[in-house]
Ligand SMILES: Cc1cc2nc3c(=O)[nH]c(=O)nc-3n(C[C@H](O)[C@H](O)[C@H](O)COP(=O)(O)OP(=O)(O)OC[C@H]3O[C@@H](n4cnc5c(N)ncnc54)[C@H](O)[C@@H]3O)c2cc1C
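Taking the form predicted on its own, here's one chain by itself in structure tokens.
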Amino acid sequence: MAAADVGIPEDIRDLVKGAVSGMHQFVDSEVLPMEQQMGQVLVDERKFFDERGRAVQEIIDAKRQVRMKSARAGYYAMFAPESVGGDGLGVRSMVFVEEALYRRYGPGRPLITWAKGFLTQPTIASFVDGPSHMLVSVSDSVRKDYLPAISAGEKMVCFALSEADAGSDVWGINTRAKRDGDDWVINGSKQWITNSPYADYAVVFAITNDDLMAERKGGISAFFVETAADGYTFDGVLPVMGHQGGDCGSMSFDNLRVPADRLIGVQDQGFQIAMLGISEGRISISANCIGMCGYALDRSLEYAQQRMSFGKPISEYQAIQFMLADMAIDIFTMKYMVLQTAALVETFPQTGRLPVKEISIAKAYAVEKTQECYDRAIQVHGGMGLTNEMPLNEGFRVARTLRIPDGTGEIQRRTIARQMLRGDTVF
């Protein structure tokens, strides 16, 4: 937080200050020692991933330990609703806390490779791995039998929506679920599913009404699925840019039977649940971007004042100063854009207006400016910026990947334009 954080209620400031301080203490005392002990396993591709592109068991076990320790300390599920085992803290608080986490432990630390999901990342749950607003509408049996382990960090979920021919176009999915007695039978496949190589459960979206689907008025339902169930097959890891493995994968369903009470929410209305998860993800990514850019700027300021060229620090050259200033301009704009959007999300229960346009604006701006920010940071560092000794290149790759999930920049712009054409022109 900074002195310029005006307009935020005192209780939010106090809450955030305590959460940030606690998170930093937790990471420093519990997580960083684990990273030090694991050493080269975290940075050596040959040791981090197995021959299938999946993180080795040592990494999986370590991340699970971090999740469970964070849950016991009160951080893992602090932004999840109380009804799913969380603390129900607000969206603005989440923005501040995630910014602080990613700024202090940002991509570029010597022992860290962010795109693999290093040990600091699991300290806060998201809709693609843990308790979230997406699980509010599960049945009582699922809430009783499964949510406690998820909220405790012992078990994980994944968000199974995208398919080979249906990424940005949700209405293009082909996976289907048909009612058969007391069960639903699911057939189809999913692709590019974050956390799927490691998830214990999946929230699977499938067509349950072809007529509504054809009219784009519904027809998609969400189901809570155990990944160990008969008929569920994990088809393999999809390596991410620059790495031998990753956290995304593909799965298929062959007459997968799930009990009727595994339906999440209302039948044929799963699209709303999907968009709830995606909207939550867009705000979270935007908050992460603020912290990532702050980290890159911090490193650039330090380097520019230390690096000598032609007898003086490069920070005295206007070309370097302009790059540093542009980074600051983008961070300031990004931060207050995201905070304003978060404030609008928090008023949704009272106003009934979900700020769809603003969420898309914030996500598109944040991820694109983050890539520009890391490009400038590498430029400030010169040749050193390209090396693994100061691996800002990893942050650049992470920034590039963030322009794809939860809606590409093009999809965000389409959403923004459509909302305005429908009359939503208030800013």
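In this text, residue numbers run from 1 along the sequence as written. The structure displayed is predicted, hence computed values, not measured ones.
One more form of this protein should be noted, the form predicted together with this ligand, which is absent from this view; the next part is about it.
Across the options 166-174, 332-340, 209-217, 302-310, residues that bring heavy atoms within 4.5 Å of this ligand in the predicted complex belong to 166-174.
When this ligand is considered in the predicted complex, only one residue from F159, F96, Y76, F224 comes within 4.5 Å through any heavy atom, namely F159. The contact with this ligand in the predicted complex, taken as any heavy atom within 4.5 Å, belongs to V128 out of V128, I273, V138, V84. Taken together, the three residues C248, D406 and R414 all come within 4.5 Å of this ligand in the predicted complex, as judged by their closest heavy atom. When this ligand is considered in the predicted complex, T194 lines it closely, a heavy atom lying within 4.5 Å. By the criterion of a heavy atom within 4.5 Å, N393 is excluded from the residues contacting this ligand in the predicted complex.
Heavy atoms of T401 reach within 4.5 Å of this ligand in the predicted complex, making it an interface residue.
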